[in-house]
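Next up: just one chain, as structure tokens, the form predicted on its own.
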């Protein structure tokens, strides 16, 4: 059994209840929906987002049952986005386990994701906070809009601002909501809400940067797709962006842009290998660590409690994790 991380141990009992609440959402619906949800929950994951909500909310003395409900809503929303992302990307594995679209037809996979979105919204409504519901809906809109922009906007643009906008929509927006919504239902003041919003925002950026590093450094059986999969699809992430800036005369880089970021294996394989062994991997990790430090700094206004320490521990874990 996987050892619990320090921040997980603090709210371990609550996370178990969160997962039970998630499973309950398919009760009395089609048995295949229940089977799909069980498969998704049993596929693992560190439950980073509900851990953020629970730790932040308990730090502010929020109602535990409301925090559990909110955490289940957020994790169910995250799970729904993964179902759709895996289908869009054609990923057959996640965390070494078959994705839903590897087992089901595209139609069934899309409908399952839609069901999870609906149930996530239903759970969010149970916290009885209109501001939280608005935040929840806006976050989902941000995520979907980010995916649409990624599909329809020219990817062949090594622009740092565009990269940050994309990873905010993809990842940091939900991290931000996980921390901010906890502060909102705990009825904390604006100063506390702004601090926790910053915590989630900065941590979410760091998390996605590390994921983008893994896309180059992990092995294919871990990724569930070819190494450098984003670049193979013409998607420029931070390691490749830094490499392009520092090596504009590299033959493989020139070919990449010559063919408008629509690479063939003849030059994409050596380019990915060049990036894998370059200093830009280390540089990207340093940037991720700078965001982690900013997230920790945001917690400085709060008293030092076991929950504050848990949030700090989680922030440090983001750049220390191996997958």
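Residue numbers count along the first chain shown, from 1. The structure displayed is predicted, hence computed values, not measured ones.
Keep in mind that the form predicted in complex with a further copy of the same chain is missing from the display, and what follows is about it.
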Is a further copy of the same chain in the predicted bound form near all of 261, 277 and 283, within 4.5 Å of a heavy atom of each?
no
Exactly one of 156, 98, 125, 218 comes within 4.5 Å of a further copy of the same chain in the predicted bound form through a heavy atom, and that residue is 125
Would you kindly say which of 133, 102, 227, 235 lies with a heavy atom within 4.5 Å of a further copy of the same chain in the predicted bound form?
133
The stretch from 83-91, 176-184, 196-204, 242-250 that lies within 4.5 Å of a further copy of the same chain in the predicted bound form, judged by heavy atoms, is 83-91
Against a further copy of the same chain in the predicted bound form, would residue 137 count as a contact residue? Criterion: heavy atoms within 4.5 Å.
yes
If you check in the predicted bound form, is residue 257 within 4.5 Å of a further copy of the same chain, heavy atoms only?
no
Even though a further copy of the same chain is not shown here, does residue 144 get within 4.5 Å of it in the predicted bound form, heavy atoms only?
yes
Does at least one non-hydrogen atom of residue 287 fall within 4.5 angstroms of a further copy of the same chain in the predicted bound form?
no
What residues of 172-192, in sequence order, lie within 4.5 Å of a further copy of the same chain in the predicted bound form by heavy atom?
none
